[in-house]
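First, one chain by itself: the form predicted alone, in structure tokens.
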């Protein structure tokens, strides 16, 4: 009996050891499954951010053109392609702080994170489609004269002084090259009512107020026609 009892005891011990081993392996597999599930989850944290940026860029292009070249609809939408990133950032902040007014952009700018602003401004800067054109070509020579030499009799300096000989701007000074002529006309004609609306918090736009004010309608149309032809 002792021999038989010993055998039973050994068998019971073996079963117990085997059970513990199986349980341990099951626990390890469970942990491994959790670990494997956690890895894709960590990767997903990057993807939605990129998708959100691309979605917002697509959203902006519904107004500003599929290549950021601008769009003529009920109102002319400005070209953002090739625009100076710092200028875009500055103007988005101006919309937020109500230094610049636009019922659509005032709302759009409020929901953009700094990271999104950086992405959008750089993305538009990197685009370089051909200008849309459409300006009266007869006005281009006179516009070129104003752009390069100003209107001394009206205290209007050459546009090239700030915007550059190629009209591509610099830092917070905007690019004008390839901009829709009708958009330039609308902005210059209504500059005082749309820009620099907080004199106590003036920005680079304040430099343009007296210049825009001193230009005649004809001169505005001329310089707008000229810059719209530049690439």
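Residue numbers count along the first chain shown, from 1. Since this is a predicted model, take the numbers as computed values, not measurements.
We do not show the form predicted in complex with a small molecule, though everything after this point is about it.
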| said: Against the small molecule in the model of the complex, would residue 69 count as a contact residue? Criterion: heavy atoms within 4.5 Å. | reply: no
| Would residue 78 count as touching the small molecule in the model of the complex under a 4.5 Å heavy atom rule? | yes
| said: Under a 4.5 Å heavy atom criterion, is residue 172 part of the interface with the small molecule in the model of the complex? | reply: yes
| task | Although the small molecule is absent from this view, report whether residue 139 comes within 4.5 Å of it in the model of the complex, heavy atoms only. | result | no
